[in-house]
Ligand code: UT7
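What follows is one chain in C-alpha cells, specifically the form predicted on its own.
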C-alpha cells in the first residue's frame, strides 16, 4: 500500500512584516559606569548609541504578540489562517511549554507551534523552515518570530557584553506566492567554537550552589569578530550565487545587527555597490539576537529605505556558532 502525499511544489514568499521594540531607551551613559567605560569607547567598538530594554510587563510573549499582529495586518490575513508558529529565542525562561504555543493562543490561533534555539541566527533558520513548509504544502501560512529579552541574562558589569544586548521582537508571515520570493538557505555551524558565546553556568549548577543570580551571557569578542567579519562574507556570497543573484542585483543587505564594525567589514569584503541599502538598526536598538534581522528589515520598510519588490539578502550568525542566510523579495 502506498502512502499518499502531495508532490506539488509551490512558491513561497514573505507576505508581511511586524516589529515590537521594547519600551525603555537605555543610552550609553546608563551602562558605562558598570563597565568602567565611555560613550565614545562603546560607539567606536560597536556603533551602538542606545539600546532597548523591556519593562517588566513586556515579556517574550507580549512582545511577540505585538510584532505578530503587525505582521498579520501587513500581510492582510487573520491569525486563524496561520498553520504554524515558529519562534526563535534563547531568552524564554521556561524550558517547556514553548513560547510559541502561548503566542498562538494569545493571537487566537490553534496552529502548530514550536520554539527553535539557534541564537542570533534563529530567525533566518525559522524562515528557511517556513519556506520549505509552504513549498511542500505542509502549511499555507507560517508565522515566524524572532524575540529576545536579553536584558534578563546580561551582566551589567561584564565589559564584553553589557553594552551590546537588547530586547525586542520581529515577525514575518511566509505564505504561498505566484513567484518564488525566498531563495535557498545557506546554513551551518562551527561547533569547534561552541563556547565563543555562551551562558556562564548550567542551571543545575546554579540550583546546587544555592545562587540567587541568573546565569548570564559571556562572549569572546575578538574571536567572534574575526569569524563573523570574514567567514560570513563568504557565506553571503555563496547565498547570492545559489539564488542566482549578484551583488549588483541586490537592493538591500540586512545582516544580523551584532556590531557595526562587523557589518562594515562584511560590506567591504563583499564589495557591495553604493546603491545597496545596508541595515544599521543596531545604533539605536542594540543587538537583539534572534529579533535583530526582522526588526532591522521592518524598520527599513517603514522608513522607505526598502521598497516592496526589492531584493534583500538576510544573514545571521551567533552562539554555537550557527549561521543562516537567504535572499528574499521585500513584501
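Since the structure is predicted, the reported quantities are computational estimates derived from the model, not experimental observations. Positions refer to the first chain, counted from 1.
Below, we refer to the form predicted in complex with oxa(dethia)-CoA (UT7), which is not included among the displayed structures.
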Please identify the residue among 188, 160, 215, 137 with any heavy atom within 4.5 Å of oxa(dethia)-CoA (UT7) in the model of the complex. 160
Please tell me which of 28, 263, 299, 287 lies within 4.5 Å of oxa(dethia)-CoA (UT7) in the model of the complex, judged by heavy atoms. 287
Hey, of 62-70, 273-281, 40-48, 301-309, which bit sits against oxa(dethia)-CoA (UT7) in the model of the complex at 4.5 Å between non-hydrogen atoms? 40-48
Could you confirm whether residue 18 comes within 4.5 Å of oxa(dethia)-CoA (UT7) in the model of the complex, counting heavy atoms only? no
Is residue 184 part of the interface with oxa(dethia)-CoA (UT7) in the model of the complex - any heavy atom within 4.5 Å? no
Residue 222 within 4.5 Å of oxa(dethia)-CoA (UT7) in the model of the complex, heavy atoms: yes
Using a 4.5 Å heavy atom cut-off, state whether residue 317 contacts oxa(dethia)-CoA (UT7) in the model of the complex. yes
Looking at oxa(dethia)-CoA (UT7) in the model of the complex, which residues in 238-260 have at least one heavy atom within 4.5 Å of it? 256, 258, 259
